[in-house]
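Given next, in structure tokens, is a single chain: the form predicted on its own.
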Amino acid sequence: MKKNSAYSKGLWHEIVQNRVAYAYIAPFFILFIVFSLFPIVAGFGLSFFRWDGTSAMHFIGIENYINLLGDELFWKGFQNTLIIGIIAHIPILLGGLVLAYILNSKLVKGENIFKTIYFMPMVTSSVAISIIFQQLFSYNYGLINFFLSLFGIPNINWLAGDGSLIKVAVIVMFSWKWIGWNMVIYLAGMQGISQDVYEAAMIDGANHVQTVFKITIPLLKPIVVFTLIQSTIGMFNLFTEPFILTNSSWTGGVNNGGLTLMMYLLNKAPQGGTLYGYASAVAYVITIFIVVLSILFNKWSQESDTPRRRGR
């Protein structure tokens, strides 16, 4: 007890002694507690209640989570989200790496112009982009069907039909949006690699392909994992694109073909319904998915680096 008391007095003395510094950083912590920490804790507590936003709250324990795991529509949204994310990550990662490599190798002039063009989708309104892509994938007047018709392919009902092709349109939009973001980050990573490393590899007889796969990509692995986690978070937050493409349908269009987890969540509350406790449970299940995938990505990165370090 005396030891704890002495520690408390020492801590309080340090705070008083450095009160000016703590006063400067206090606004951040106050805003963080009020607008971030409190909503997180309150939302988690709300997930154990039944509440419609106006009437009294009723504690129901883990019933919301049990109902959630037994809801076929939730798993449909989860399946669609995974399919969109997994397929879209292929062009996002590879496309970003290729574009970054081309710009870093000085094969093209006007590097800053291309960086701006590629990064533009990230700062452009998602609603405006979704409307444009909705027109591109239109059945009767869409530009994509027009080009396909030049090769004798009949019009494809991308956004309707049996609903299976809605994900194709979402994947194209999702990839197009994130490639530029990854490209900028990969380019910054490539420019941070010392030229001495490449010169040493050339002296040792390494060819161009070997330097890419043995030097550039391994050194970029932490950055690749970072972008992978970022785009995974974007995958689970995917809402605007499929919502607009399916004509503002909260259920994802025909046969729930474009339903994502975020659409499912917002359909419960506050947009489509008033099941705030249930929506909070959905939000925390999504959070768990993101945290688990982030841990797996980091673990994979560390494990893949371990043999290389041992080899040194």
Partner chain sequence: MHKLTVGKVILYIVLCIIALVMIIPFYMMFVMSTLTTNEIYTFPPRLWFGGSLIRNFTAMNAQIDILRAFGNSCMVTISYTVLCLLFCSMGGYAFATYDFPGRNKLFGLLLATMMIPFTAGIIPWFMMMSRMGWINTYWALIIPGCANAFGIFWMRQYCQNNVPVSLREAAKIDGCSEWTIFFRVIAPILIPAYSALGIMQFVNTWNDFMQPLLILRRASMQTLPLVLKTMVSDRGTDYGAMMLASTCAVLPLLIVFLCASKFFMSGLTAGAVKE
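It should be emphasised that the depicted structure is a prediction, and the values quoted were computed from it without experimental measurement. The term rigid core refers to the most C-alpha atoms you can superpose between the two forms while keeping them within 1.5 Å. Numbering follows the first chain given and starts at 1.
Not pictured, yet referred to below: the form predicted together with its partner chain.
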I90, L143, A200, L73 - the one with a heavy atom within 4.5 Å of its partner chain in the predicted bound form: L143
In the predicted bound form, the residue from N207, S164, T124, S194 with a non-hydrogen atom within 4.5 Å of its partner chain is T124
Does each of F29, V34 and G43 have at least one heavy atom within 4.5 Å of its partner chain in the predicted bound form? yes
Residue-level question: is N155 within 4.5 Å of its partner chain in the predicted bound form, judged on heavy atoms? yes
Do I132 and its partner chain share at least one heavy atom pair within 4.5 Å in the predicted bound form? yes
Using a 4.5 Å heavy atom cut-off, state whether F119 contacts its partner chain in the predicted bound form. yes
Taking heavy atoms and a 4.5 Å cut-off, does L293 contact its partner chain in the predicted bound form? no
Residue by residue through 182-203, tell me which have a non-hydrogen atom within 4.5 angstroms of its partner chain in the predicted bound form. V184, I185, A188, G189
Is E111 one of the residues whose Cα moves 2 Å or more between this form and the one not shown, with the core superposed? yes
Once both forms sit on the same rigid core, is the C-alpha displacement of A21 at or above 2 Å between this form and the one not shown? yes
